[in-house]
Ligand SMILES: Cc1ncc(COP(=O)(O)O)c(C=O)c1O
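Single chain ahead, by itself, as structure tokens, in the form predicted alone.
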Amino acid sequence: MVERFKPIRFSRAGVRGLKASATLSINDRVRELWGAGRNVYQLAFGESRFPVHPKIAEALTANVQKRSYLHPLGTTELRTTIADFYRRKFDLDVSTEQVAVGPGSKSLIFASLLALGEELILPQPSWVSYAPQAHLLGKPVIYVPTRPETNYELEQDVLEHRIQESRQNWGNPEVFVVNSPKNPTGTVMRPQKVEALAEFAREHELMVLSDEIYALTAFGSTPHVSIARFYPEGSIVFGGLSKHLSLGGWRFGVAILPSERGGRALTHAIENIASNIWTCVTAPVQYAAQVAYAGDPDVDGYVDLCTRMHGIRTLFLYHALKRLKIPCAEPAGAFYIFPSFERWREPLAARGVHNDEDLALHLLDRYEIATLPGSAFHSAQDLTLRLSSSYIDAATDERAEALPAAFRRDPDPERFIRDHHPRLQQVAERFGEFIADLENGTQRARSGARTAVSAR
């Protein structure tokens, strides 16, 4: 008999089948293990940990008495500053009226999904919360697989096939999510690919939700280019302060909406949703964000510094995995790596590891490495994991504050890792132990098979 909790009765639409965010759940689990005295290497949680820039911290403190309700879309001054920022940084033609701020880009994405059309088109893999948000709204999801061989870029023929397949089954695909630099792979879409996807979206009259929260963390040779450069009338660009300025807990996000008549109607819809759900972004945070987006050379320089550190840390881990012959796309932004362990399926199965969830648990239990399974990101490939370099060696505020100071003194990448990242080096060694154990297990199995054949 199903247990009831009268008078509490749950909504099937919102609660049934919904799980907590995998990224937040693993962070809670790691904290529990740390509290119990376990040594756990945190590669699961994608939180940038560098300290708050002093000028932004001062602005927050100076405006702590600002406690009145503000406009649901943000103050006019802040929205104007953000519009200037997007024109300057990303070459987008943005006006004050196109800007909306909210309590994190996640809230603004949800509000946009609530306001917009039917089926959601999602690449595989993709960030863990897009699909659950569609689930909360009762909207179907069309998954479009991407391949490591093509650097996890969307292939238009596959995208076309999935859209036509949905329409033939009376589906109505209307909203398309693009994310670059990408969580979970750390890859960045090439500008020509962005332009081609923009033309595809225009041809199919798709509304694009372009999640560019990692735009200022691109550290590779491929520059970040917004799809709104090529498809401004059909794109919403999302950003915020959480990644490039390490302000995730402040919950501040930005949406850049289209400018034409439909865009103005959409902005009004977002305003109505905001006014009925979150009212406004916390007032002191809005005044601090004013400084973050104002183009102060000190703040811009700090963003560049943090991006360089993210790049060095992420590429160290990537090259360590490559030396172990672990396949993964080369990251060029954010702080993520998405390796595959498919080539070791047989020795993993011998250890009771049959899927990526088993693999993540095995690494945590046996090697003290916390990761996230690729299935949490709806990966089309099995035995994949998402690794994040952002937390390790920066778990405490003291350690996080020491890293920028050390890098300013000596920006040499090799010495920066060697002298200031003991745990990152240790986790690379742990992966080496893990692969050696798998290889030795494979060799023992092959040796045993040869012995059995000889005996026959």
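All residue numbers refer to positions in the sequence shown, first residue = 1. As the structure is a prediction and not an experimental result, all values here were calculated from the model.
The same protein also exists as the form predicted in complex with the ligand; that form is not shown, yet it is the one meant from here on.
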query: In the predicted complex, the one of 286, 242, 146, 217 near the ligand [non-hydrogen atom within 4.5 angstroms]; finding: 242
query: Single option in 228, 213, 292, 256 placed near the ligand in the predicted complex, where near means a heavy atom within 4.5 Å; finding: 213
query: Stretch from 68-76, 243-251, 324-332, 162-170 whose residues place a heavy atom within 4.5 Å of the ligand in the predicted complex; finding: 243-251
query: Residue 302 within 4.5 Å of the ligand in the predicted complex, heavy atoms; finding: no
query: Residue 224 within 4.5 Å of the ligand in the predicted complex, heavy atoms; finding: no
query: In the predicted complex, residue 127 touching the ligand (heavy atom, 4.5 Å); finding: yes
query: Residue 104: touches the ligand in the predicted complex, heavy atom cutoff 4.5 angstroms; finding: yes
query: Residues from 159-198 in contact with the ligand (non-hydrogen atom within 4.5 Å) in the predicted complex; finding: 179, 183
